[in-house]
Ligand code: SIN
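Single chain ahead, by itself, as structure tokens, in the form predicted on its own.
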Amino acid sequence: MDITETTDVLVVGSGIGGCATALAAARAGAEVTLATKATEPEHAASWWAQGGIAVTRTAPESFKADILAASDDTADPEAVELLVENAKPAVEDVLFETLSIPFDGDEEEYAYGREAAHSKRRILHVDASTGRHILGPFLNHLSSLESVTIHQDTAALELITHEGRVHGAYVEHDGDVQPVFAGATVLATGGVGELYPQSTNPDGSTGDGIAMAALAGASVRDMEYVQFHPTVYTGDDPFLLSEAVRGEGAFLRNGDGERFMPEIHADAELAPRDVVARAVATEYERTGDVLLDVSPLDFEDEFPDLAAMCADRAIDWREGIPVSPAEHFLCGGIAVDTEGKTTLDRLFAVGECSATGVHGANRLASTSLLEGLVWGLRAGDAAAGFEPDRIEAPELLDRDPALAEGFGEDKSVRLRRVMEEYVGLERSPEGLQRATGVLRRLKGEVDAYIRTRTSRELYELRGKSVSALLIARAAAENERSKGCHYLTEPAHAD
């Protein structure tokens, strides 16, 4: 494996959080190694961000209020303050000046969009494919920096720890495993989409970073808050339909042709995601179908990328686009402070695998790219300057990589079935207890294998089993319905 054995900063993951971390660390004078499982930019979730990136314009207080309201008043006000106050300088520095992202609009004014639970137009976007227009140039820019080395198709398997300090990680490429010692290690490994049958996440969203950090002793928080996006085409070759479409006037109809959201929430289709997702699921079950009606807008002109996706799948959008909820974003994760520091020395986390406190029980639309950018810049700056230490690390090198035929797929199918049935949009205390028991046994079966074997597939399975158990346990321990954690039989309902 052609990868350096020591580096100042090891970044694991190549979404916007990982890229921002690498950029800031390099600017601070650090040598940076970025290891990513991705073989193409589109393998990172940031690539698929459609709506855009929310920014602070002339009303920062309303932005803060919208984030708190969408979270069902559970977001950390100090974290929200940090996000909003740093939004404009971070976007101007990186997206405008460094990357020159061609956001929609003209020379005089950007075409700011509006999405669910936003009280004002404040979202910068490029059509409905903002993520790819940011991430591609970002990775190209990092590749041009002498102090940044990017290794694709390279998975982190386990953190190297000693007496509460993280010294790097074991990484795998093409079956070879080796330690990479780092002054600071930053996890930017994304979400947990593969825990559910339907997700907007790319393949490989297996909760690796969360599992590695938790097993090493780092604190996690808010793991029960798993957000489902309400408007996803879940037929063959599924795709997400951005909230920006509803922000421009599209609405939802059930199988009887009735518009139902105005009776459920004062903001109708622009209610918080958790509210809309549950309503869509209810109407789908009750009437057999839910359609996104885009007739109020010039769909082809305003959202050409989405119109093309419909055409590729033989969907006549003029008749309405079939939608249903799918897992979208983990609002919790590895607990971090304002600089992305975890509870373990020299371990940082950014992006979806981290829990900054910004999202609380439910994420406001188009804040994920912003959070990854703001915390990534802060984490990269804080992570630079540590000297790497080589220590005696546990041996992972000589284990048998082979798995029994069907072992991984069988466990993954069982896990997804349990998560869908008991830890999805709606939950019950009894179901969560049942899920916790099943997932505990499944994790034990994976642990038994991992003592004697080392392979990417097995460690991804461990990531899924650990993350699923953390989510189920947190949900079982939280008796209060809030945001994404909706109990059908709550002990305490607000």
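Keep in mind it's a predicted model, so treat the numbers as computed, not measured. Residues carry their position along the shown sequence, with the first being 1.
Just so it is clear, the following notes concern the form predicted together with the ligand, a form of the same protein that is not shown.
In the predicted bound form, the ligand sits within 4.5 Å of a heavy atom belonging to residue 115. Among heavy atoms of residue 243, some come within 4.5 Å of the ligand in the predicted bound form.
Contact check for residue 161: no non-hydrogen atom falls within 4.5 Å of the ligand in the predicted bound form.
Mapping the unseen interface onto this chain, residue 50 counts among the residues with a heavy atom inside 4.5 Å of the ligand in the predicted bound form. Checking 125, 122, 167, 273 against the ligand in the predicted bound form, a heavy atom within 4.5 Å turns up for just one residue: 273.
This chain appears without its partner; in the predicted bound form, the one residue of 368, 199, 205, 356 with a heavy atom within 4.5 Å of the ligand is 368. Contact with the ligand in the predicted bound form, defined as any heavy atom within 4.5 Å, is confined among 286 to 294, 234 to 242, 86 to 94, 342 to 350 to 234 to 242.
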